[in-house]
Structure formats: C-alpha cells, structure tokens
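A single chain, nothing else alongside it, follows as structure tokens in the form predicted on its own.
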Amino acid sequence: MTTDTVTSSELLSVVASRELAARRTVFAGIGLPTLAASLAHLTVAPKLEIVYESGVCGAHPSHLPETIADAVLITGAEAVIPMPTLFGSVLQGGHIDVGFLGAAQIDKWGNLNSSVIGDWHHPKARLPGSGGANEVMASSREVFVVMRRHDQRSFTEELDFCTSPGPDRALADGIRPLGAGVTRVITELGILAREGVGEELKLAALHPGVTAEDVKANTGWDLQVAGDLSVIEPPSADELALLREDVDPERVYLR
C-alpha cells in the first residue's frame, strides 16, 4: 500500500493487471491494456504472451509502442503473422485467454458501443467503430473492459448502437460465439463482473472510500451487488514503481 498520489491511469492499469493472474495469452490494444499487460508480465503473469492486432505475437518491446504498428513491437517478438491468420486462426481458433476492449457505452450484458453516441443518422458524436473488437468479443475466452468514465451515460440500460454484441445477444440472433464475453469491467469506482452467458454484470469490488450506493447511482440500470462484495487493495509502492520506472518511464500513456 502507498500514500503516493495515484493517477486514474495508474489505478486502472494496476487493478487490470492483477486480473490477468494465471492467464497465458492476452489480446491487448494500445494504451491502458498495454500498460496492464506489461505490468502483469512483470508481476502476476510472468509467462503472459501479449498479442497485438497488427499480427505481433509474444511482443518484447524495449519501450512502449505508440501504435499497434510501431516497429518496436516487431524487434524481439516471438512471431509476426498476417492479419488474416491472426483473426482466422489465433482468435477464431480459441487461442486467446483474454481480450482487452474499450468502449463509449456498455450495458448490463456486456454489449459494447464504440460507434456513435445518439441517433445513427444524426449522431452527437461519431466514434472509431469496431476495428477488431467484434472478433475479439466473439472469440476470446473472456473479455476485460477498462472504462475511464463510470456514469449513467456510459453504463446504460440501452446502447445507442451495438458495435460488439456479447454472447447473450449473439445467441438471441442465432450466433454461437466461442467465449464468455465480458467478465470484468474495471473503472475508477470498482470492478463489475460476471461469469458468462445468462448473467448480468454485478458489482464485485469497490475502491476504498467508494460505496455500493455511489456505484449504483452512476450506473444506468438496476445494478445488482455481489454477496461477497470486496474492497480493492490500493496500488502498492512496488506496483507503482514498476509501472512508472520500468513499464512507462517516458509517460507515453501514464497521465
């Protein structure tokens, strides 16, 4: 435990990294997922293999990449494969334990919106869209989502648009995905979790000083609370030192 001032990025990265304990392969995007995966590799998951959408598998970069196509990812990597092979064989072959995704909106079933806010034809904001998120959602054994914002606009009863349907929604449309969908959502208020198909996301853990009522008030559906609700251990001095001095000393993503 530490009394240092901890930023939002540091808090989310440390907590997300702990969730990767005992995982073997992670499909990570740039930003917080890369921070979390890199820290996990140094702490709770030393055998973790990090896979990037650009086709880099088992990356061992000398410093953090700024994009998924950054050349630093290729040097020392276990393999670099074509994207059709990555998505068609690695992902759809069921070889990814955890896929990391972000989103502008999430609902109680773990469906994600990263396309538009507001009406599709007249949106308030148009977002990057799916990229590889649909394949990651459908084929990873489970999906972790890191959300910087936890409020009723982001955690909503009904999405403005469904970019990446979770397994419950996919099954309702006659599609059988490989994985369990979203099983963890890490935010500044706590952790929401579910085991898989047929379960809603529930409040599983709180950050110190946050109450279940705080989280429920900032969630757009009637959030259920787990019977074994726990309190998250704050980032330790060792975790912060590794994150600041080894993982991202140049503050590429830490802010």
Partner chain sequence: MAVETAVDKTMTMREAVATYVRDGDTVALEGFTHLIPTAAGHEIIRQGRRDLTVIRMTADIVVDQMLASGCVSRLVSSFVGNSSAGSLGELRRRVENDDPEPLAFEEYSHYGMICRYIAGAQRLPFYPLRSYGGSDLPGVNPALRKVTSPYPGPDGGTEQIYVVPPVNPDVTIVHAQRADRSGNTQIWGLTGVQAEAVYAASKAVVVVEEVVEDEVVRSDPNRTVIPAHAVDAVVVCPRGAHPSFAQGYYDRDNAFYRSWSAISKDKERLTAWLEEWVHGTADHAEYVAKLGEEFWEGLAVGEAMSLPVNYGRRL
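Residue numbers count along the first chain shown, from 1. Bear in mind that the values here come from a model prediction, so they are computed numbers and not experimental data.
Although it is not shown, the form predicted in complex with its partner chain is what the next lines describe.
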| item | value |
| --- | --- |
| Residue stretch of 180 to 188, 143 to 151, 97 to 105, 114 to 122 approaching its partner chain in the model of the complex, non-hydrogen atom distance within 4.5 Å | 114 to 122 |
| I30, E135 and D173 each touching its partner chain in the model of the complex (heavy atom, 4.5 Å) | yes |
| Selected contact from E200, E49, D214, E53, since only one has a non-hydrogen atom within 4.5 angstroms of its partner chain in the model of the complex | E53 |
| In the model of the complex, L42 touching its partner chain (heavy atom, 4.5 Å) | no |
| Contact of S230 with its partner chain in the model of the complex (heavy atom, 4.5 Å) | no |
| Exercise: I68 in contact with its partner chain in the model of the complex, heavy atom 4.5 Å | yes |
| Touches its partner chain in the model of the complex: S130 (any heavy atom, 4.5 Å) | yes |
| Residues of 145 to 163 having any heavy atom within 4.5 Å of its partner chain in the model of the complex, listed in sequence order | F161, C162, T163 |
